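Presented as structure tokens, the chain that follows is alone, the form predicted alone.
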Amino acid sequence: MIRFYNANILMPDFSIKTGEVHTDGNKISYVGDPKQTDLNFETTVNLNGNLIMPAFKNAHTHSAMTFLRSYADDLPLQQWLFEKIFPMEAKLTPEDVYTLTKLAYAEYLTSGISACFDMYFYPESVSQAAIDTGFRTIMCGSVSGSDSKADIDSALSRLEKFYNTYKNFDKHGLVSYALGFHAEYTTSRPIMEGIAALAEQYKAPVSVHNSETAAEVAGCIERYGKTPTEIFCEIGIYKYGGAGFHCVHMTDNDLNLMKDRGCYVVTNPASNAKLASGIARLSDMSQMGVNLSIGTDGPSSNNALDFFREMYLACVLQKLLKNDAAAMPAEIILKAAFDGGAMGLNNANTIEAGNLADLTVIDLNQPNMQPQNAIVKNIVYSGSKQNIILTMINGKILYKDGEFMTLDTEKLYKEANGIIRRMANDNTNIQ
């Protein structure tokens, strides 16, 4: 059991309450006024008036792409992806993915992130990295392929195998798996139809990159006469919900289809801005009642895994897009940043007894958090990673005051640099 006292607590209605929070195992056991207790706590943490709040949920990422951070910048998405990223990814080994995923976890912890919806290769390696670190990870299927029988059989058999292996959280309560595929433009219709059949068989949601670029949508309309969202719904991909990653170029009909099926739009504003993909219509989505979550996307297209930057951009880009400084209030984006519903994680979004103990602490005693006119506004508009002083996952403190409890970062940095140099055959301008 762990006791946090002398705390400011961010409550579900975004009010601030002075009191304390207790955890028992992996759950929150008490939230309320300070009280005398004879309970035997393993650890007590005096927060000295700092803010304890739910940890962020990174609802779309490619964690192990840390090895391509700043490797292929300042290129348009299609050239970046097909000419630079895919060829390097083909050189990855399972051991590489294990190391590179842990490097991402270190960065997540410093950003107050407790869980990620991770679309990448070698789920065995990702799973082991999550368990060894103590990081909560829901893996998302990433299959793709042509309409050849070999591609169809391979994609569907792999997806179903991994889903059945990992779909239920492991004994640690950390690792799970969701049906998903890369995108319409990399996946043939027969494979998409097979994934829809799996969704029907398991009554399961499906998540996929959706309408990230105008070219993607135009290509889909040329192939099918429909937008990606429309073809997904026609085939049955979204029958049981799921998520669309990016959703930058969405029609009103697309958004209504997402809303009607209870799907999530997962926005990635930093990646979309850096790749010049566009600005998602988050303000419109919010007003229409579409579920919203936030992701960083991968560190090769962002290039940081920083939720403060994502929140700030998610807010201010809407104001620019709508030419309205009142568009997209900070509270809506902060709620989306906590929301794990896109990855099926619904019991860690608020600090309430019985919820998972996935928490983070904001240092309010720094210049960018003073004065405290409006703490929630400060978090979104002036907050930064420098304010994260503690991250707890599943009832365990994994990061505190700049120290990692389960990660050897010096070793990780050395191994990550070795991986990229091995792949590049010492033939690049990496510095």
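Numbers follow the displayed sequence, beginning with 1. Worth saying up front: this structure is predicted, and the values here are computed from it rather than measured.
Here the subject shifts to the form predicted in complex with another copy of the chain, a form of this protein not shown in this document.
Candidate spot 84, 144 and 182, all three touching another copy of the chain in the predicted bound form (heavy atom, 4.5 Å): Per the other structure, none of 84, 144 and 182 touch another copy of the chain.
Is residue 91 close enough to another copy of the chain in the predicted bound form to count, meaning some heavy atom within 4.5 Å? Although another copy of the chain is absent here, residue 91 would stay clear of it in the predicted bound form, with no heavy atoms inside 4.5 Å.
Another copy of the chain contact at residue 360 in the predicted bound form, heavy atom, 4.5 Å: Output for residue 360 is no: heavy atoms all beyond 4.5 Å of another copy of the chain.
Residue-level contact is defined here as any heavy atom of the residue lying within 4.5 Å of another copy of the chain in the predicted bound form; does residue 367 satisfy this criterion? Yes, residue 367 is a contact residue.
Does at least one non-hydrogen atom of residue 272 fall within 4.5 angstroms of another copy of the chain in the predicted bound form? Because a heavy atom of residue 272 falls inside 4.5 Å of another copy of the chain in the predicted bound form, the answer is yes.
254, 107, 339, 160: which sits within 4.5 Å of another copy of the chain in the predicted bound form by any heavy atom? Contact with another copy of the chain in the predicted bound form is made by 107 alone.
Which one of 226, 189, 319, 261 is close to another copy of the chain in the predicted bound form, taking close to mean a heavy atom within 4.5 Å? Here the answer is residue option 319.
Heavy atoms, 4.5 Å, another copy of the chain in the predicted bound form: which of 72-80, 121-129, 193-201, 135-143 makes the cut? Say which one. Of the options given, it is 72-80.
Across 292-308, which residues bring a heavy atom to within 4.5 Å of another copy of the chain in the predicted bound form? Residues within 4.5 Å: 302, 303, 304, 306.
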